[in-house]
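Presented as structure tokens, the chain that follows is alone, the form predicted alone.
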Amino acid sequence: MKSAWWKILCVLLLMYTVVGGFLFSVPRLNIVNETIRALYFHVPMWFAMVFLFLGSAVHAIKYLRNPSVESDIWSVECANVGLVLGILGIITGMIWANYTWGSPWHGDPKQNGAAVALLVYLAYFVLRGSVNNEEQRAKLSAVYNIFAFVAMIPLIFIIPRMTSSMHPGSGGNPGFNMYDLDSRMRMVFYPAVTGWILLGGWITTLRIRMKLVEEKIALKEDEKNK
């Protein structure tokens, strides 16, 4: 039960996010109006994605320093779940953009940067699938993983701030906390960020446990065949 407290917290926070996200009052802004509620889902997914990609890069470094199957599995599964959350973030962002900007894909620098970052991580899985030797695959993908994380930072957080962008907090536009993320929204937004990060971690740990069990079964089968 001691290790389950954060899972219970995750469920409670996400339930609160869903209820508060759809029912609590929000600022009445021109154009944005009720679509601002997407902030509770779109942005926290990206926070969770960044945390998971960071975890993936850290375990890639750990693998290069001290190669182990467990470090490789941690690195892969963090990237797996992070990529899914990134895709969900793109989709929710497109839905929001369709109502506020008039089209799902406006060619905004932050949209383009996010798409390129996800493509970089998709290439990571293509690389893993193209190498048959397990040890070589793990080493190559670990090196590429570090490159992918380093590339993601400027694509999402730096370049959009240096160019003209319609995204809040980019291209000279003030961030949400400057004009509309008031106390009402903070009451839902911060729990949402925490809940989505915990959910991403929960799913990742489940996938890792499954992979480790599969590895043990595979080792036993190899021993029997010998």
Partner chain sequence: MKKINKILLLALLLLINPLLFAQDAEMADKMRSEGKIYVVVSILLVILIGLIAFVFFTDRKVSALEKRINELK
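Computed from a prediction, not measured in an experiment: that's the story for all the values here. Residue numbers count along the first chain shown, from 1.
Separately, the form predicted together with the partner chain exists; it is not shown, and the next lines address it.
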Touches the partner chain in the predicted bound form: residue 116 (any heavy atom, 4.5 Å): no
Distance check, residue 163 to the partner chain in the predicted bound form, heavy atom within 4.5 Å: no
4.5 angstroms heavy atom contact with the partner chain in the predicted bound form for residue 104: yes
Partner proximity in the predicted bound form: residue 51 to the partner chain, non-hydrogen atom cutoff 4.5 Å: no
Proximity to the partner chain in the predicted bound form (heavy atom, within 4.5 Å), stretch among 187 to 195, 33 to 41, 155 to 163, 55 to 63: 33 to 41
Sole residue of 95, 127, 143, 151 within 4.5 Å of the partner chain in the predicted bound form, by heavy atom: 95
Within 66 to 102, the residues that have a heavy atom no more than 4.5 Å from the partner chain in the predicted bound form: 80, 81, 84, 85, 88, 91, 92, 95, 96, 98, 99, 102
